[in-house]
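The chain below stands alone and is given as structure tokens, in the form predicted alone.
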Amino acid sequence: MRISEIKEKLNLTVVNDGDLEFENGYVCDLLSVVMGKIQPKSVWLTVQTHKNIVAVAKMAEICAIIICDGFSPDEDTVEAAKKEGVIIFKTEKKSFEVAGLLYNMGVK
């Protein structure tokens, strides 16, 4: 599935746009757990907004970050995402709701 498909279907707000093919989803707010457990080519759902999420995304080969629950990334995070080419979206929806919607779309 492509990032652009979920952007449209979930009505996500673009922070730093892009379009990649992804295979999995993961929901977690502890960076150390994400680093150890997320699979490459995943979409990561979190409420974290600081620029360390960009570093984790690059290191773990994450396709996109969706910041949930109405949180917005810090300016440092946005600048780091642009510099590193990390796709970030945000949404007012709760992480649980986004995970359920992605699951219903076939993302496991």
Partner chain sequence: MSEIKLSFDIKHNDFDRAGSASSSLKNSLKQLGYPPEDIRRLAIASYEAEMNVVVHASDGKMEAVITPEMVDVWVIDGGPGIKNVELAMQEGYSTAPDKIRELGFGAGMGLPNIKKNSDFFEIESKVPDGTKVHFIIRRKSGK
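Numbering follows the first chain given and starts at 1. The structure displayed is predicted, hence computed values, not measured ones.
What comes next is about the form predicted together with its partner chain, which does not appear here.
Exercise for the section: Tell me, out of 63, 60, 81, 67, which residue has a non-hydrogen atom within 4.5 angstroms of its partner chain in the predicted complex. Expected result: After the contact test, the surviving option is 60.
Problem - Contact test, all of 36, 39 and 51, partner its partner chain in the predicted complex, heavy atom 4.5 Å - result: Yes: 36, 39 and 51 each sit within 4.5 Å of its partner chain in the predicted complex.
Exercise for the section: Verify the contact flag for residue 32: yes if a non-hydrogen atom of it lies within 4.5 Å of a non-hydrogen atom of its partner chain in the predicted complex, no if not. Expected result: Contact with its partner chain, yes.
Exercise for the section: Report whether the minimum heavy atom distance between residue 27 and its partner chain in the predicted complex is within 4.5 Å. Expected result: Output for residue 27 is no: heavy atoms all beyond 4.5 Å of its partner chain.
Exercise for the section: Quick one: name the residues from 70 to 108 with any non-hydrogen atom within 4.5 angstroms of its partner chain in the predicted complex. Expected result: If the 4.5 Å heavy-atom criterion is applied to its partner chain in the predicted complex, 70 to 108 yields only 76.
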